[in-house]
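Quick heads-up: it's one chain on its own, the form predicted alone, in structure tokens.
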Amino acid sequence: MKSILKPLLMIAAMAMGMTAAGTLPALALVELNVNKGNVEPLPIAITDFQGGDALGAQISEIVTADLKRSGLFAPIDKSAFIEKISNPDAAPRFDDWKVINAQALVTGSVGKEADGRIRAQYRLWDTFAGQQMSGEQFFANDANTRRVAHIIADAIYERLTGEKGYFDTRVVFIDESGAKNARKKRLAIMDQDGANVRYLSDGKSIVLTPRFSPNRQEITYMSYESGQPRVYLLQIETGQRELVGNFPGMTFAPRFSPDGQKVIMSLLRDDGNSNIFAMDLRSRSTTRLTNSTAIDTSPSYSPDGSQVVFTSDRGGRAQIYVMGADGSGQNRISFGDGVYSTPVWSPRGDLIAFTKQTGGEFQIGVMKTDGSGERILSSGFQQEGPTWAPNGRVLMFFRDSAGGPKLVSVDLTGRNEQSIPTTNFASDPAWSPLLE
């Protein structure tokens, strides 16, 4: 889907070099090193965007919430602000922001064009260097105000960390409502912060394991509407749906290949064994990748499509294995205590996330792609199903507590855990790529 939000003009070049009177430019602008083990959140001041009545404050609040939730930024309370910004295009009084230790400052404005579109622009300032770091202007219709704010937050995140943000994204998940013994499960989609929930199925049939295509607004998922689990493709924007294939036996955990041309899944045959198959979505031809007498399941491609991670109990209990995309070189990489499941390759290619069950606890963790460096990020009574943010810095999963499952996110340090608000119970999240 083409984006309805297009940067009209990069204004950083026009304003770069502005300095406060009597202030010497710094040799380097403020930045965050997110590759350090312990990152101290950066104090940042985000002012209400000028104009647009309440719209400016709304955009400012969304940008603030996005950056704060990342754990990398510490937004300063607006009651501490000394200068009241009246002209976001003019250089601020940097001394007023330095005294409250705002190392970065965001100003902006929002207004309506003659054709009814919203125009929003922001400027990011380094207060100690006395310089503008970046600035952009966007146009959108009223329905996409939140997207404008998320895109601005992504731009600020990228400028200060050097890495892509993840705020202008969506999450598809299973919405669960009703009594526990008669739970209604609907396919749903929302913004990554829990806003703009939309239902993609009517709840008449059980739906499971939705997964995003890496390059289209399309998802694959399983449905029991025929009495047996079947894999479907769904175009999110049009609602068009098609059956991937009517496989004999049970089908589990479909995922797209990185180029979006294949779906990989596990199929349970009459002999009771579950093996991994890949289907070419153009030809509908199926290739068997494993052929064991064990249960092989939960396959996930590496970002370059050359390898697949999966779980197998061929060694006596479920552990994590890696193989070539053609099924060659099957190699066990996990050797820890407990049972491993739901491995997912990071979009950065450097880590594999997993669920681990040990000692009566469920854990969400990560390991390097050779199985070394295992780290547990979150532990709980019952939690599973990690999914990666597109920048590979944050995981989302679901935790069953207080009567039903809820969505939770955690960053790679394991210290920044956040609850994701949903109207009903929610499970099995899958994070989209950045929207276009």
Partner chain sequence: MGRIAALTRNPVMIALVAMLAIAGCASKKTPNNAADLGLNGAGAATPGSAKDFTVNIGDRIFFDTDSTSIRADAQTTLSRQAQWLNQYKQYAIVIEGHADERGTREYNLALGARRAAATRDFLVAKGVSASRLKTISYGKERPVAVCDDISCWSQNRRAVTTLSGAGS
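It should be emphasised that the depicted structure is a prediction, and the values quoted were computed from it without experimental measurement. Positions refer to the first chain, counted from 1.
The following text describes the form predicted together with its partner chain, which does not appear among the structures shown.
Taken together, the three residues 183, 222 and 298 all come within 4.5 Å of its partner chain in the model of the complex, as judged by their closest heavy atom.
Annotated contact segment (heavy atom within 4.5 Å of its partner chain in the model of the complex): 358-366, selected among 328-336, 117-125, 358-366, 301-309. Proximity of residue 384 to its partner chain in the model of the complex falls within the 4.5 Å heavy atom cutoff. The closest heavy atom approach of residue 147 to its partner chain in the model of the complex falls outside 4.5 Å.
Within 4.5 Å of any heavy atom of its partner chain in the model of the complex lies no heavy atom of residue 238.
None of the heavy atoms of residue 286 is located within 4.5 Å of its partner chain in the model of the complex. Only one of 273, 257, 169, 217 comes within 4.5 Å of its partner chain in the model of the complex through a heavy atom, and that residue is 273. Of the listed positions (136, 96, 313, 191), a single one reaches within 4.5 angstroms of its partner chain by any non-hydrogen atom in the model of the complex, namely 313. Along 411-428, residues 427, 428 each place a heavy atom within 4.5 Å of its partner chain in the model of the complex.
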